[in-house]
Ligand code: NAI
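For reference, the chain that follows is the form predicted on its own, supplied as structure tokens.
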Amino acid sequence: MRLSRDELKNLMKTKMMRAGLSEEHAEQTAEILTWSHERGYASHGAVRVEYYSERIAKGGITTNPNFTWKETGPCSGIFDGDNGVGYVVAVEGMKKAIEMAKKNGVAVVGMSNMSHSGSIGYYAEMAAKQDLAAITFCQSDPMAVPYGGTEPYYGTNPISFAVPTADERVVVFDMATTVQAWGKILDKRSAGASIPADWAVDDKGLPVTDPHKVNALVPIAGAKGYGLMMMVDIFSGVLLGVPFGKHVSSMYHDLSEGRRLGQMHIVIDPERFIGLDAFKKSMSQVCDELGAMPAAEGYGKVYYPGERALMRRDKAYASGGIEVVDEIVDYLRSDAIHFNRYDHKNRFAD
């Protein structure tokens, strides 16, 4: 079913408000969920609303959090989210990082005691739109086997970066350190589709194509992805004094409890290095040169990171709206806050 941007956003906002979230926090969360879904990241879009609504309704997200900000140096600080909704905590943390980077050239801002924050490319893009370069990463609950291991220890632990150019283009890269994010598998489940054999393994460590039989995800590029997911956990977990590795709280184990997740924003002012204008000009050149490169067979073009997402967004609106699974639309339009489907489930909501 296709929905307009406003309709999808308002349905999600209303549902989370009915669950107990404030209008301001529901508005911000729904905006980022819409930003994700319209770009083709359906796994981080409307499919998440029922889970958030159940956690909010059961007290696992603080609906009136007491945010605290502590500058630990001229270029560093920690934003404590008091178990507030992760989207808002990540936005507020990035606002602090942007302000600090503009003032002092560099900012390293950690966010602690927060809940899930969705597509982290949104937060990196916030900085790029302010003529800054940014990288952000966050930990997640263990669902990936380490290289050579048999049991999950780290999460999908995503990494994102974004930079501006001299024109309207913004380079936005966002990836999980697993071959695929769990949300993508969740999306395939909701669509009744299979998954590629290189996304995950079953309880015997063998490749699996049935999304309902997934026991663990696998890191990208073997040992390299394993090292990256460890790096993310160190910077967004160990460094911030929140639970790390296999101790990170489960998304589904107890929805009445806070998650205490960590996230880190690193923001740099290009003016302090090559100079802003020169940096943006070079980035436009990079995008132009990549786009002009002869494409390999089977590929129409070499795209800069984030370009295809905007193409998917524009195509969706040209086709009549954002495509959302009928079952999710029915839920969003229903009177139900949630159907008690996620509490006390395993790491894959089974």
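Because the structure is predicted, anything quoted here is derived from the model rather than measured. We number the residues from 1 along the sequence you see.
This protein has a second form, the form predicted together with the named molecule, left out of what is shown; the following refers to that one.
A residue is said to contact a partner when one of its heavy atoms sits within 4.5 Å of a partner heavy atom; Y147 fails this definition for the named molecule in the predicted complex, lying far away. Taking non-hydrogen atoms only, V91 never approaches the named molecule to within 4.5 angstroms in the predicted complex. The named molecule is not drawn, but in the predicted complex it has no heavy atom within 4.5 Å of V208.
Heavy atoms of H44 reach within 4.5 Å of the named molecule in the predicted complex, making it an interface residue. Proximity to the named molecule in the predicted complex, taken as heavy atoms within 4.5 Å, picks out 305-313 from the listed stretches 305-313, 320-328, 55-63, 290-298. For the marked spot (H116, Q139 and F173), a heavy atom within 4.5 Å of the named molecule in the predicted complex is present in each of the three residues. Checked against the named molecule in the predicted complex, the candidates G225, P164, G110, P158 yield a single residue with a heavy atom inside 4.5 Å, and that residue is P158. Taking a 4.5 Å heavy atom cutoff to the named molecule in the predicted complex, the contact residue among V85, A128, I120, A200 is I120.
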